[in-house]
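Only one chain is shown below, in structure tokens, and it's the form predicted alone.
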């Protein structure tokens, strides 16, 4: 017997910008929204019956319409409002997942901004009648330090050419995501604090490996913020390879490097509470 398995549908890459006008300044927000719905959609697949299908174009329009009154604070609050809307207004929808990525902008004057680079604040809200799961995070957080990092005592087999070092550049384009437990009073304040903790731990940690620093960063977040259930970090290496200046009769005391993007090491870990 052949039957339909797990399925979902929705609208991705909804680009939205909003100006929130305050008496003395403007607040500019720019987000990308993904919507995914799960529920009773079997006949749409097996019979071509669209009577239970909310068009993805309608989902897109809903994002813009609800943003006017409800995108006024954190991306988490707006994502939750969207997810609740789709579940409560569409009886055939069992679970709504809303993902939002927010572009970073820094204010120059009350009405002018400068880009914050590639870094984005993210959230994912999964909502149904039984549970709500809210995950927040950061992507493309490019961080680097020029010392207090080494890599020694690793396995050496016939194919190993990498040399040990006790002092190297440590650079990574970090992605972090953490799951909250319970209601949060102010997601934006907590996000800023968690981000600051991640950066401070990275900068101050005497790293013996990327794995060790990854765990230290996650551990610091869990120790500091009881509202965080678990945290996952992805830390791809952004390699800076010492350039051979000896061929020109010069020494290179960790001064001149070749910056490379590929291939790169890719380190992932989740830090949890027991």
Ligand SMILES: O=c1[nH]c(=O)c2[nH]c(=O)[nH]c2[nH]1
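Note that the structure is a prediction, hence the values are computed from the model and not measured. Residue numbers count along the first chain shown, from 1.
Although it is not shown, the form predicted in complex with the named molecule is what the next lines describe.
Contact annotation for residue 61: none of its heavy atoms lies within 4.5 Å of the named molecule in the predicted bound form.
Proximity of residue 209 to the named molecule in the predicted bound form falls within the 4.5 Å heavy atom cutoff.
Contact between residue 237 and the named molecule in the predicted bound form is found at the 4.5 Å heavy atom cutoff. Proximity of residue 151 to the named molecule in the predicted bound form: non-hydrogen atoms within 4.5 Å are present. Taken together, the three residues 162, 168 and 267 all come within 4.5 Å of the named molecule in the predicted bound form, as judged by their closest heavy atom.
Partner proximity in the predicted bound form, defined as non-hydrogen atoms within 4.5 angstroms of the named molecule, places exactly one of 48 to 56, 223 to 231, 210 to 218, 22 to 30 at the interface: 210 to 218.
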